[in-house]
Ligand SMILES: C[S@@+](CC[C@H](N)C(=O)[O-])C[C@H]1O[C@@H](n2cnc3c(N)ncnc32)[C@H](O)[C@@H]1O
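Presented below, as structure tokens, is a lone chain in the form predicted on its own.
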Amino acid sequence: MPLRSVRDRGVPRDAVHHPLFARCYARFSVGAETRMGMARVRERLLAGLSGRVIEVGAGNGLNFSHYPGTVCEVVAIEPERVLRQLAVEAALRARVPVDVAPGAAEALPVKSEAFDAAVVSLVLCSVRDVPRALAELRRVLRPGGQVRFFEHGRGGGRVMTFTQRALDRTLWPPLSGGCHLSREPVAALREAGFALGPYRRVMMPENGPALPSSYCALGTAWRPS
């Protein structure tokens, strides 16, 4: 049965297929909830949300248990089959209604201006076309709707940024499910026409060594009314 919030826009059911990486990510991400402080980050990311929410790139659904009761529905889009199945299982344990559906960030299978908020969490690093994905977020948000984001990207000094770019050109994307280390998510949101609200720089892990993937931004943006 098709989800009531989702419509067919010709997106293949498996727009992304990284089964080995998906299994490794699922195992690593569960441990990171406590070991790296990700559970606290998710709480801050989602605090205060209400209404209908679309989460793009929901992964294995670790955000679901952190949505506040003021959210009436979450539509979670996940293109990778292995992660999507784990997200379906997580949705059954969530405190709020969650519908999990296949789809790509660049062609979201939902109606325009249908959501009060959108959530992107460690997603913009791996989408194939960031401007198109953000244009889709603008399309599906109502005027004045907000985007909650937690994304990693370029950071550190000259040596670190050189390392990030070198890894992006060589080993990192094929080994990490298409992830890129040197993108600039805050700048991309601004260039896509979102109004930037408060955001903060976060290092992950919080108290560990600085890795090429450590430089994160946590905050809010709005679709202009």
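Owing to the predicted nature of the structure, the values given are computational and were not obtained by experimental measurement. When you see a residue number, it is the position in the sequence shown, counting from 1.
The form predicted together with the ligand is left out here; the points below concern that form.
- Only one of L86, A104, A118, V98 lies close to the ligand in the predicted bound form, with a heavy atom inside 4.5 Å, and it is A104.
- Heavy atoms within 4.5 Å of the ligand in the predicted bound form are found in one stretch of 127-135, 141-149, 109-117, 89-97, which is 127-135.
- For the chain shown alone, L189 is not a contact residue for the ligand in the predicted bound form, no non-hydrogen atom being within 4.5 angstroms.
- Proximity of P185 to the ligand in the predicted bound form falls outside the 4.5 Å heavy atom cutoff.
- Heavy atoms of Y215 never reach within 4.5 Å of the ligand in the predicted bound form, leaving it off the interface.
- Using a 4.5 Å cutoff between non-hydrogen atoms, P79 counts as a contact of the ligand in the predicted bound form.
- Contacts between stretch 23-48 and the ligand, counted in the predicted bound form as any heavy atom lying within 4.5 Å, involve Y25, R42, listed in sequence order.
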